Ligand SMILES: CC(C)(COP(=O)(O)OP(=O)(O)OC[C@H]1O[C@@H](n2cnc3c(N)ncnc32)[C@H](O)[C@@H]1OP(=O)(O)O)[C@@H](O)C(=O)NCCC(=O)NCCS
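Take a look at this single chain, the form predicted alone, given in structure tokens.
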């Protein structure tokens, strides 16, 4: 163990240590966990492995155990995230130690480990045995349809209970690869998707989507059933759409002429082998 620092894990019930982790995440990543925490969605499956200097987190690796569906089979995956070290203590091997401790802890608990890197961290992950993994989107040409009214924009502040009910009772988005953690879904609803959520009561689901340069981007469909694309499209259609991209496998949508295109920029890595050869990692699976 790195000296003179104390290794701690599974410490969310310690308010001082938890507050230090939150401050660490803000200082290193600019990420404020407060909304997720206050809303009651902080997840015990999100496990920190941290070196402390007194009451201060100085280096950290998190491992998130995630219930999953892979090729129709229930299993569990693990995701590495929130990896960093205080600036004045870097290049001392602390993150390598913590990541190896996390991976050892996860043995026998999962069928695959994955993470998303940034450019600067690529050599680090390669040195500790991670391999780059190609990632894909599924894309179709947008065909004209008659628009229907009925999509209602939801606000994660005023509609939080409704969004959570959908997340709690959601069915898997795909039989090829799905992640089934409603608390991680709520993290995305509170942060990255907060302005992109549209309820479609008639289809008993909500859709997270936006448009960019004649392309409709569908990030997730969360509900008690997964509608077919034929049912869903009229509620979110626009005459200017030329393509639709899906940030998940579309095997439940009843589509034809689906193209897979490489997704650049996320830099996914896997530990040893990953059980899906050409994964479309669901957007809301990212910790």
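Keep in mind the model is a prediction, meaning the values are calculated, not measured. Positions refer to the first chain, counted from 1.
The same protein also exists as the form predicted in complex with the named molecule; that form is not shown, yet it is the one meant from here on.
- Only one segment in the set 65-73, 25-33, 249-257, 230-238 has any non-hydrogen atom within 4.5 angstroms of the named molecule in the model of the complex, and it is 25-33.
- Just one of 83, 140, 200, 154 comes within 4.5 Å of the named molecule in the model of the complex, counting any heavy atom, and that one is 83.
- None of 134, 195, 104, 120 but one reaches within 4.5 angstroms of the named molecule in the model of the complex through a heavy atom, and that residue is 120.
- Remark: residue 128 counts among the residues lining the named molecule in the model of the complex, judged by a heavy atom distance of 4.5 Å or less.
- Put simply, residue 150 is far from the named molecule in the model of the complex: not one heavy atom of it is within 4.5 Å.
- Taking non-hydrogen atoms only, residue 191 never approaches the named molecule to within 4.5 angstroms in the model of the complex.
- Mapping the unseen interface onto this chain, residue 178 falls outside it, with no heavy atom inside 4.5 Å of the named molecule in the model of the complex.
- The partner is not shown here, but in the model of the complex the stretch 87-124 reaches within 4.5 angstroms of the named molecule through a heavy atom at 90, 91, 92, 93, 94, 95, 96, 116, 117, 118, 120, 121, 123, 124.
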